[in-house]
Each structure stands twice: as structure tokens, then as C-alpha cells.
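One chain comes next, on its own, written as C-alpha cells: the form predicted on its own.
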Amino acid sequence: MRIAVSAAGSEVSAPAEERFGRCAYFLVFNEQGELQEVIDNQGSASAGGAGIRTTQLLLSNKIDVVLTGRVGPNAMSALSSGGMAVYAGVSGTVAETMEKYKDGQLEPLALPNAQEHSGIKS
């Protein structure tokens, strides 16, 4: 199983990022919590459709579980269609978020918890 955490930086000490489609990186871990790779989220700078582009990126990297904060309706639909489980409630660093996931402290997300385009910073 491959677990991706949305992050503001490329290190496990980086802040976990609440935005799904517009996060800068995904840090990918195995089930034991060992870092496997860092994915640069090229979809984060998209003018539109960042959530869909990000979902496609994760699908191409064979991600099974996504840990993030907010997911819009289009991205949630694509993630669900792709068979990925989504957990919300990231906070603190990426390492702290992984510990919370392993301890069962993150909430599985079945429905979008953000409006479309809510990840765009003005």
C-alpha cells in the first residue's frame, strides 16, 4: 500500500498541506511509515482543474491512500473513481500526520469537504 501526504515542502519535517490539488508536494510512504518517494505536484500551478490533474498524478504513481485536508467535488469524484481512500484532518508536519494516520486519528472522507476552486490563494 502506498500512502501520499499532501505537503508544503519535500521533507518529512515540512508542514502537511490542507489543500489537495494545490499542494506543492506529496510524500509517499509504505504501510510501515517509511518514506518511499517525493512527488512534485505539477498540477498545483494550474489555472483550473488542479484537483483533477493532481488526482491523475497520484493514479499514475499507484497511490492507494491520500492524507490531506480539503478536497473539492471534482477531485473527490476522481479519487473515488480511481479507488483511492481519502483521509482528512492533516495538521502539523508530514511526519506527525503519518503518525496520526497510523494511530487511527484521521477521518475517512466519503464526500467533498471543500467548494470548487477553494484551494486558489488570491
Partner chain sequence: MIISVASGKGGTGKTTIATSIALALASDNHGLTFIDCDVEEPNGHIFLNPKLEDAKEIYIDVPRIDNDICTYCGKCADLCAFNALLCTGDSVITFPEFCHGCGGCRYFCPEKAITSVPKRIGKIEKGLAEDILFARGCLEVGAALSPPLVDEAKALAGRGITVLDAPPGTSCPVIHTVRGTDFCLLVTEPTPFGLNDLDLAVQMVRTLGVPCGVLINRAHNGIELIEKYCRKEQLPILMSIPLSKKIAEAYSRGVPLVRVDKQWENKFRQLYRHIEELVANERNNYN
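Note that the structure is predicted; figures quoted are calculated from it, not measured. Residue numbers count along the first chain shown, from 1.
The same protein has a further form, the form predicted together with the partner chain, not shown here; the description that follows concerns it.
(request) Mind telling me which stretch in 77 to 85, 92 to 100, 63 to 71, 24 to 32 gets its heavy atoms within 4.5 Å of the partner chain in the predicted bound form? (result) One stretch meets the cut-off, namely 77 to 85.
(request) Give a yes or no for V38: in the predicted bound form, does one of its heavy atoms lie within 4.5 Å of a heavy atom belonging to the partner chain? (result) The answer is no: V38 has no heavy atom within 4.5 Å of the partner chain.
(request) Would you mind checking 41 to 68 for residues with a heavy atom within 4.5 Å of the partner chain in the predicted bound form? (result) If the 4.5 Å heavy-atom criterion is applied to the partner chain in the predicted bound form, 41 to 68 yields S46, G48, G49, A50, I52, R53, T55, Q56, L59.
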